[in-house]
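Coming up is one lone chain in structure tokens, specifically the form predicted on its own.
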Amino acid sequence: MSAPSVLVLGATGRTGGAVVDQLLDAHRGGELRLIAAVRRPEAAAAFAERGIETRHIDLDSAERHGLGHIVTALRDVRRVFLASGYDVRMLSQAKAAIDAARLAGVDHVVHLGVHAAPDTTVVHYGWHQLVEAYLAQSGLGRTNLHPTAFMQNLLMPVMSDPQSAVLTHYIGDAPTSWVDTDDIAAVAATVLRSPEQHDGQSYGLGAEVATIGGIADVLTDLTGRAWRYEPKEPGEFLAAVTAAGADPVYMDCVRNVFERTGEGSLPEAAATFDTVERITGRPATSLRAFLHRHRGHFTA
């Protein structure tokens, strides 16, 4: 019996790349056959150097050319990890991926969504829920992952300046929940290796609650430098990321999340779960451990 093939959509991104890393040993050990989806041919070389097959999949092209080429790219694939892009096209991209997976005979899809209240009015949270509703009616096996704020966001230029030892954020002093994307990937990899055990499940992923001021205190202790928190208005975040080329519609939703978190009208932003330890058998990464691992970023 041949090893089941697992294709990662979003393999060149932060979380999808971490899923590839988490599955690499299983791939090399013959437990599964790992395939990375790439949109740009030049991205294939880095995967080939690691012994990973690549397939060219551009979900946006379905609008003009139909699903045929995507279905072909999913030939013999049994399991798919689906990470959506950070813009409104995530809806059409995810629909194309789900439809093609069904036509190609895929058994199971692991979808990376977001933690939100079932009746959320946050627009891009609702987009994720619409994708999951469509996935549920597709007939495919499915598992949804619902992370809170990524710890890796603390490494973004709009949120930390190692030169001046300043953390910037846009939620005031509100506590919020954090999760390491490597932990998200570890849960995804566990599901992709044995999806039958997780079919139909949705897993919340948030490991630890902290304020940004509290995170600055931990950085001070770890680096020996006096880190401080500098709160800013959510509109400044929107201006910065859209100037850098991010989708203004999606990022306006993020601005809304920051505003509502800061004013306390989005209590689910501080939710935590035992999912990482329950699914992977090891504790979730703490903020202190994450910051220690990335001390080099925070040391000028």
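Each residue number is its position in the shown sequence, starting from 1. Worth saying up front: this structure is predicted, and the values here are computed from it rather than measured.
Note that the form predicted in complex with a small molecule isn't included here; everything after this is about it.
Engineer: Using a 4.5 Å heavy atom cut-off, which stretch among 54 to 62, 22 to 30, 238 to 246, 267 to 275 contacts the small molecule in the predicted complex?
Structural biologist: Single hit among the candidates: 54 to 62.
Engineer: To verify the annotation, which of these, T143, S84, S160, T176, has a non-hydrogen atom within 4.5 Å of the small molecule in the predicted complex?
Structural biologist: Going through each option in turn, the one that passes is S84.
Engineer: Would R39 sit within 4.5 Å of the small molecule in the predicted complex, counting heavy atoms only?
Structural biologist: Yes, R39 is a contact residue.
Engineer: Spell out, yes or no, whether the shortest heavy atom distance between S286 and the small molecule in the predicted complex is within 4.5 Å.
Structural biologist: The answer is no: S286 has no heavy atom within 4.5 Å of the small molecule.
Engineer: Is there a non-hydrogen atom of H128 within 4.5 angstroms of a non-hydrogen atom of the small molecule in the predicted complex?
Structural biologist: Taking the distances in the predicted complex, the answer for H128 is yes, it comes within 4.5 Å of the small molecule.
Engineer: Does A216 make contact with the small molecule in the predicted complex, using a 4.5 Å heavy atom cut-off?
Structural biologist: Judged by the heavy-atom cut-off of 4.5 Å, A216 is well away from the small molecule in the predicted complex.
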